[in-house]
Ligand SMILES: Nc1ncnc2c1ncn2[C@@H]1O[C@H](COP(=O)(O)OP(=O)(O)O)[C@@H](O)[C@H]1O
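Only one chain is given next, in C-alpha cells, and it is the form predicted alone.
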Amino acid sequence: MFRRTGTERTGRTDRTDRRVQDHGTGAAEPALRLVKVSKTYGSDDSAVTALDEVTLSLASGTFTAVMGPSGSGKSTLLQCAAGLDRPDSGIVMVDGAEMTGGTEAELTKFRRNRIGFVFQQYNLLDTLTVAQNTVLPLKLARRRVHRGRVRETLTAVGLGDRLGHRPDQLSGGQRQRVAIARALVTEPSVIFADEPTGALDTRSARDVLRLLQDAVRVHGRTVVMVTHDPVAASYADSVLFLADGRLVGEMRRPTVDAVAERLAHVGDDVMAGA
C-alpha cells in the first residue's frame, strides 16, 4: 500500500499544493491526485531519484500534457499515477479512491475499473479484429459488452466500417484510433496517453490529438498525456513541466511557441530553486 505522508511541502509547487489542501471544501473530487509521490531507482551511490515528492491535483474533464527534458521523470510520473509502477512513498488517488497495491491482482482490478491507456506502439493484438481489440479490457474485467456502444465508440473515432479488420490491415493512425476507442469503451475516470503521436505522421497525429480532445469535451474523461512535442502539448488545456523529478511549472492555454520557449528554459527553474 502507498504510505501516507503529512502536510505537503512548500516551495515551487505551492499553487498546486493549495488545490490539494482545498479539497473537501465542497469542490468536485479531483480525477487524479498525487500527494508527495516519490520514486527512486537503484541504491546507495547509484540511486536515481525519478520523482521527488510530486504533488498535483487534476480536475475531472481536463486535458493535461506532461513535459520535461529526458530523465525529468515524466514517464515515471505517468507509470506511478496509472498504477503501472509503485511509488516508494506518497498517495495516488483516482476519482477519490486511493490506489492500493496489496497484491498485483488488486492493482490490476483497480486499473481496469478506473484507468484507460493509449501507448505510442498501440499495443493491439494482431490476431484480433478491431472490435475484439476494443472490447478486450471489458472481457478481461468480466464486464458486460454492449455491442451497440462498441460500434458507437468505433464510429466516433472514424472506424465504424472497420470492425472486422485486423491491425495489419490498418494504418498507424487507424491503429491509434482503435487504442483510443479501447480506452473510451471502459468509461474510465482517467486516460493516460504515453507519447500517443510519436509514431504517426503529422496528419494522423493531429487527428489523434483531436480525438483525445473529444474524449474530454464530449465524453467527459480526464486525459493525461506525456509528450516531448510542443505541437501535441498545444492541444491540451494545460501543461505541467518536470525537471529532475520535480514539478517546476504549469502553463494554461498553451500555444506551440510558448511551450517550446518554456521547455527550453525548464532547467533554469531547477537552478533557481536550488
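We number the residues from 1 along the sequence you see. The structure presented is a predicted model; accordingly, all values stated were derived computationally and were not measured.
Unshown form predicted together with the ligand; subsequent notes refer to it.
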- [ ] Check whether residue 74 has any heavy atom within 4.5 Å of a heavy atom of the ligand in the model of the complex, and answer yes or no.
- [x] yes
Open item on the list: I'd like to check something about residue 50: if you look in the model of the complex, is any of its heavy atoms closer than or equal to 4.5 Å to a heavy atom of the ligand?
Closed with: yes
Open item on the list: Is it the case that residue 69, even though its partner is missing from this view, gets within 4.5 Å of the ligand in the model of the complex, heavy atoms only?
Closed with: yes
Task: Proximity to the ligand in the model of the complex (heavy atom, within 4.5 Å), stretch among 228-236, 208-216, 55-63, 41-49 - done: 41-49
